[in-house]
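In structure tokens, one chain follows: the form predicted on its own.
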């Protein structure tokens, strides 16, 4: 089942590449829908009391102890479902507008989905590293070929900067992963099975330097302050449907890596560098929030908002508290569900105004009440207003951090107030005030509504029923956090 989920997008991407141009969108859309159905079946059949499930374990490179090992647990099950869900509107939106070299575009987009799913499903450390590195390759072409040159930033230069940042982090992680396997083997049988590595353990001294090799890769991918330097240019240049899934899902692979790899395999280092990571997370929250309300480009407002949100997620993970970590995983899902419709709405706003800068905008709600309400719900999710799913995630996170460090929790709470400022500013400047000359206030079409409204409805459901996620994730998250807490004691 997991192999079907993993390879279905790539298979349909290849077919769309070879199919006649007019059939490429239909083939790609079919592939994403099949992947979503398979992921939903796995999620519905998942039993949180059984640990790792749907396991596939086949020897791949026996001489190096590398296996094709897949599995799904409470940490990954909803991230897999989020990945399957996010790609559906991205493909549909692209199909509805058309694109140059459509077959190649869909192939790259679906190849990116397969690589992302592989990172969430891999149970072999080197297999995880392989998929983690492969994720960026399709997006290099998506951003570089179909991206736009904007105000002195070319798509090519923005993409190169992104690759340089991520490649350095990925190479460090590869070195760290090999070191983990070799040191854990200690002259015996070499293995990269994550569960076995966590059980064998590493010497504390080795954990300390390996920790930062992994942390560098994960913090760049998220991105976190101050390793976010590639983000502004890449976000401004990227095609919006590809950027929607990139920001919604790929950024979560870094946070997932901390939960799945770093906490269970390097618990001593996690305990030693806990305060440092909390400060990095706090810096991301404050910096991302401040930058978000100084920008007028909708992409950058959402981009720096994501830096702040990933800061909250990192904060919850390194609180080393069960409540905080569960909130972090919940917030990964919530943020992904908000970001996808948010970036697609940016594209709709640009179609109506001819710009993505909020400066010359206004009045788009005048003849489009339904569009305005949809955007309002997404905005409320962005600022984590009480009653939203994001509020519950942040509440869990801050509750966990208060149990760990009161001072950091109080400072982090200011990020909630800052989010209200930049989110409401974004909404007011686009939807209200007089309608500028040349802007077109028109209602969202049924076609576009079908792409965006289902995800918005899921956001609303999770706001009232967060236990849909927390009920299946709690056992796995608690077990992961317990390993690091034992090391701290």
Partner chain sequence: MTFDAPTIDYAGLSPIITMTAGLVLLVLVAVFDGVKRTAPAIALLTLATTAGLLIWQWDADTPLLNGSLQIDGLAVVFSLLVVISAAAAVLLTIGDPSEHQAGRPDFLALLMASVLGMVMLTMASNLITFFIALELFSIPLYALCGTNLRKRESLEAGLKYLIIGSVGSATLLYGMALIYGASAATDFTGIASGLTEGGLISDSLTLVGVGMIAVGLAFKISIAPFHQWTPDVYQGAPTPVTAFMSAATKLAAFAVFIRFFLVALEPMAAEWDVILAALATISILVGNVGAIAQSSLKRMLGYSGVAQAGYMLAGIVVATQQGVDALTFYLAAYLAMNMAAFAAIVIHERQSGFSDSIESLRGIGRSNPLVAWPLTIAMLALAGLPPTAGFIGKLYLFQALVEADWTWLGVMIAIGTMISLVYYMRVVATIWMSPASDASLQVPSGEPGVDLDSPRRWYLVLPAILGSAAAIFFGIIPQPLVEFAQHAGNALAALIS
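Residue numbers count along the first chain shown, from 1. Owing to the predicted nature of the structure, the values given are computational and were not obtained by experimental measurement.
Below, we refer to the form predicted in complex with its partner chain, which is not included among the displayed structures.
Looking at 428-436, 36-44, 63-71, 455-463, the stretch with residues near its partner chain in the predicted complex, meaning non-hydrogen atoms within 4.5 angstroms, turns out to be 63-71. Under a 4.5 angstroms non-hydrogen atom cutoff, its partner chain in the predicted complex has residue 130 among its neighbouring residues. Although the partner is absent here, residue 229 lies well away from its partner chain in the predicted complex, with no heavy atom inside 4.5 Å. Contact check for residue 159: a non-hydrogen atom falls within 4.5 Å of its partner chain in the predicted complex. In the predicted complex, at least one heavy atom of residue 134 sits within 4.5 Å of its partner chain. Interface residue among 417, 175, 370, 376 relative to its partner chain in the predicted complex, by the heavy atom within 4.5 Å criterion: 175. Checked against its partner chain in the predicted complex, the candidates 290, 279, 410, 164 yield a single residue with a heavy atom inside 4.5 Å, and that residue is 164. Using a 4.5 Å heavy atom cutoff, none of 236, 300 and 304 lies near its partner chain in the predicted complex. Residues of 376-395 that come within 4.5 Å of its partner chain in the predicted complex, judged by any heavy atom, do not exist; none qualify.
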